[in-house]
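The form predicted on its own is given below as one chain in structure tokens.
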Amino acid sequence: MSSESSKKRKPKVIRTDGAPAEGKRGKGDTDQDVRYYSEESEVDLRDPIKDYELYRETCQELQRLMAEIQELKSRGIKENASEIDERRVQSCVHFMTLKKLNRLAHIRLKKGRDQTHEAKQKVDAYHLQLQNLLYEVMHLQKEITKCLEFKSKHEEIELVSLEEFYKEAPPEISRPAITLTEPHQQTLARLDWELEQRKRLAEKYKECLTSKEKILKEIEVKKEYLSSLQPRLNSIMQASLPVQEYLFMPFDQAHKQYETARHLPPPLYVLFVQASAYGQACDKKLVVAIEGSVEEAKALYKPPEDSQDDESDSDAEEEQTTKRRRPTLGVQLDDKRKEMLKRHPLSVTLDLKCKDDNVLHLTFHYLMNLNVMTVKAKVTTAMEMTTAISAGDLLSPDSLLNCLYPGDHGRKTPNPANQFQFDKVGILTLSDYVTELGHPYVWVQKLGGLHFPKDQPQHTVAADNSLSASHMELTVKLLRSRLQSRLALHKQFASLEHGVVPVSSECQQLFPTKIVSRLVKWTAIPYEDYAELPYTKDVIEAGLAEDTHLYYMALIERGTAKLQAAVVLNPGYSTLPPVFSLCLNWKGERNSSNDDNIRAMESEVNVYYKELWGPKPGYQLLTNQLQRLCMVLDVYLETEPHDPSVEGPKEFPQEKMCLRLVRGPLRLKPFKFNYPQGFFSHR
């Protein structure tokens, strides 16, 4: 089989890439030219679809031959060896066919790529030509646009209207016979007329300049005269200072204050103007002044100057910032709080003098970022006052001006917009800072002309002069009355702590000549201790005791009987009377809840307090109430029936003259004192 296959072999074919190999051709080159061929030229002659069909048939034939070889080998017969070799040879031939088809496919692929590359180059060349053409078109369009948008200089000149031109221009310039039909000549004529007008105006301008120079020279002469006049006026003012002091007319000092007042913020300026006007017109003892640094106030309104050395100092600043540690969140919040609560450098002070030369010093500040005013108070007495332990809070800045108007505690800011500002920097309430900043009372805002409506909150509130003027007189009177009442209480507390109830000569007729019960103790107590007392619950529930009030405890004794009196002193004393709650320790504990007569004793001082006011303005009310308590305690003890089981004389013999000892089903005692008869009766 092998010999037959060798005989049938085809002659050897030498494949080249399209040209005969140099150096290998000899004598028989002409005979061998027919046997050489190029596969690249063959690719153009062959059909790719037929090659694909040949490829499929060859692959199927190989599969069939391989299967037959596998089957023959599996039989294991020696006679099948020749058949296996024959099929192997056929398989090799098919493999050669596959290799040839593979070469042809690669050649087709290469030719396709070359054709694609050539087509791409042609497209790129056409695209470049298109871009060049588009660029030329765009350039021509720009040139056209420039030409269309070109404006002549004469278009910027506002020429007079045609009607005015033909009306005012002379005929030699207007030339209506020509210009009415030719727009170009018309424009030239209008420009000539404009030039003629401008020449006239230039001459007029020169004339005005010469007159201006004359006027400036006159002004300079007058300025020199005024500058020389100022030193003379200053010398006259200095010479008139003794006359001003003698006539109590400090014009120079007032002029300096008004110069300083120009730098005040609007609320403080309104307060200063209205207080000064009220002092000059109605109250000569009201002194208004301005304190603080004027230079700092001027710096607030100066625009920040641009630093010229920013570039030179930038490197140094960057080095410093890199070396510094970044501030923590707490430090940043503290800085923001300080900036939020910043006060204006200038403040207004009011000094209210009383008849006894006692002075109430009020310092008004303005919080710039919160747009509210605050006040600080201080009292200066003409004489050194005796120190009373219980009078410690009477003249303290925190309680002196408290509730000057009902409900005005000065703990919260009156501006509703401030709460949103506090939330940003973590401030809960302004009451934590009133010691340093002062109290933002509502009446302080009104004195500065500020009003904050709660129903319609406004971002910016302007200072109103009329609002300040309408509240100035009443507020000054209330402040002076508050100072006098507190000073009167201060003196009274010094006597009460020594067990002496001072009663003025005008009030002696309200009490009998002899009162046995006496005050043995007078102390101040905190609100918490007052609230814990069992016999003060009714007063607290009625809303007559608040933490802004002052609380005291009085102890009145007679023999074994001890009367405790818890006193609530309203800040508006003596317009608003003190409220007493009583508890009698004698043969048990007695108060208003278990003894009707104790309730009647409370009524004598709480309900019928108008009888105890005394002379106006009624600063003796508290001591008269305490004296009446001593009096009614005597009546209570002396009218108690004697216990027959107790031997010996009666502990409290009856010394007061009473028409009736008891009356009515409640067995009330006669607590009313009748002057001048000197007896006690029921109400």
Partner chain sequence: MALSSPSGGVRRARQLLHVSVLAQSASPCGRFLAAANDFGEIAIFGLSAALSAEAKEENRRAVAVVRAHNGPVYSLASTERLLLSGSDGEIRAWSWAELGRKGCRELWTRRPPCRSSLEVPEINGLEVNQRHELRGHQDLVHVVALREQLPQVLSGGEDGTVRLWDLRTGAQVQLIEVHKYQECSRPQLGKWIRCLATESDWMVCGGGPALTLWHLRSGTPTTVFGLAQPQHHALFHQDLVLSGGVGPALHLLQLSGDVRGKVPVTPAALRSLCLHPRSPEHQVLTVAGNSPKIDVFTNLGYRAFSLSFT
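Residue numbers count along the first chain shown, from 1. Basically, rigid core = biggest C-alpha set you can superpose within 1.5 Å across the two forms. On a predicted model such as this, the values are computed, not experimentally measured, just so you know.
The next section is about a form of this same protein that is not shown, the form predicted in complex with the partner chain.
- Note on the partner interface in the predicted complex: the residue among 583, 467, 576, 425 having a heavy atom within 4.5 angstroms of the partner chain is 576.
- Contact with the partner chain in the predicted complex, defined as a heavy atom within 4.5 Å, holds for exactly one of 606, 187, 475, 97, namely 606.
- For residue 672, no non-hydrogen atom is located within 4.5 Å of the partner chain in the predicted complex, even though that partner is not displayed.
- Although the partner is absent here, residue 138 is not a contact residue: none of its heavy atoms lies within 4.5 angstroms of the partner chain in the predicted complex.
- Within 4.5 Å of any heavy atom of the partner chain in the predicted complex lies no heavy atom of residue 87.
- In the predicted complex, no heavy atom of residue 233 sits within 4.5 Å of the partner chain.
- Screening 125-133, 367-375, 587-595, 159-167 for residues having heavy atoms within 4.5 Å of the partner chain in the predicted complex returns a single hit, 587-595.
- Shown here without the partner chain, the chain has 538, 539, 542, 544 in 534-550 lying with a heavy atom within 4.5 Å of that partner in the predicted complex.
- In this overlay on the rigid core, residue 659 has a C-alpha that sits less than 2 Å away from its partner position between this form and the one not shown.
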